[in-house]
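In structure tokens, one chain follows: the form predicted alone.
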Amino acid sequence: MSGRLCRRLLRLGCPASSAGSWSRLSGTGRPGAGRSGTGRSGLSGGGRMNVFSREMKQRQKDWAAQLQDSQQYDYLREELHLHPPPALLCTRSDQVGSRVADRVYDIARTFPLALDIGGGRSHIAEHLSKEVVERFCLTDVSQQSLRRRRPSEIPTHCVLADEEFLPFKENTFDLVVSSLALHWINDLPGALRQIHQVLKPDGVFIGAMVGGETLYELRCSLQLAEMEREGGFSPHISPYTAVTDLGNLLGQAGFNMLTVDIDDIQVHYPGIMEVMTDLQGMGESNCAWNRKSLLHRDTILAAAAIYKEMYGSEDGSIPATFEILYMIGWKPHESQAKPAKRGSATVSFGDLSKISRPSGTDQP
């Protein structure tokens, strides 16, 4: 995708369960705006960080979406108690998509036009009603994910586009949402600025992404196993954003009235192979340029033993922790509440203790 976009509307068949349309956006390249980047980690031609291969991530998501049993791997994005994955115990029945939708319902207004960034199979829209969102625009880098989107009563327009380069005009959307997609963005500050740009004044961005402590058990086990068997280790778990940085990134992008909170979801698996198989089925395999393409059999066996020894439960299962960061940010508008000027207070904090004290009561 690029900054100069020629739009070709491809009217393709959407699911019969809901009306919709398709767009494929393409154009000429600009420095550093290629989907596959420079082919290695570091700085791209445009001066931005290039950590992940976007082309590899597209292939991973396309492959995962075409699995016959792909639905069973969506348990982080959908109701665990409705679609429980096989041989798996979950300590919580949270659903990221529905929790993002809950935050939309908390806002007492109707949004004429909303955008879902990296929405894939539309795990947010299925929990929203036409009374809250009148029209929906769903984007993803994976065409197969968009083709298999979930039904929704909201009229939806699907756009095949890279989340790193949003092909929309300024001040277009009343609401922007995103669920578990932003952690694969090379330039997260730039992506947040683009989200701020496409929002209308007084528009709101509500998102969820995995945080820095995600899969720390798997990361530690693989590193220790490689150190023992190969004398060094390579990054097998992608780097994630720390919650301490998220508020600053939103503020630098221009958002105000910020809210950031954390939700830890812990899933128990029979063993380390089930963890890695499910990550692959989710389309969440590592796509960093400096990833190691091969894991030796001895290293995997050692990692499995270390995982069970360090983190294993009494029932023989092993936990995998997913740290979910939820964020809300508003695009500034003159109608929004503003902090009072410094020194304009008319009541002292020292007088608060007298509020419940009956008048005329002597001080001790």
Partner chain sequence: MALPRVFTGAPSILKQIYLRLSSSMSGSNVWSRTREKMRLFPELFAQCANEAAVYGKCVAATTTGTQELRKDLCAKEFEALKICFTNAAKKRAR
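All values reported here derive from a predicted model rather than from experimental measurement. Numbering follows the first chain given and starts at 1.
This protein has a second form, the form predicted in complex with the partner chain, left out of what is shown; the following refers to that one.
Contact check for D202: no non-hydrogen atom falls within 4.5 Å of the partner chain in the predicted bound form. The partner chain in the predicted bound form is approached by E274, whose closest heavy atom lies within 4.5 angstroms of it.
Although the partner is absent here, E228 lies within 4.5 Å of the partner chain in the predicted bound form, judged by heavy atoms. The partner chain is not shown here, and in the predicted bound form it never comes within 4.5 Å of any heavy atom of T139. Here is the short version: of E284, E217, D174, E163, the single residue with a heavy atom within 4.5 Å of the partner chain in the predicted bound form is E284. Between the options V133, I124, L222, I195, the residue in contact with the partner chain in the predicted bound form by a heavy atom within 4.5 angstroms is L222.
For the partner chain in the predicted bound form, the listed stretch (153 to 161, 182 to 190, 244 to 252, 110 to 118) containing residues with heavy atoms inside 4.5 Å is 182 to 190.
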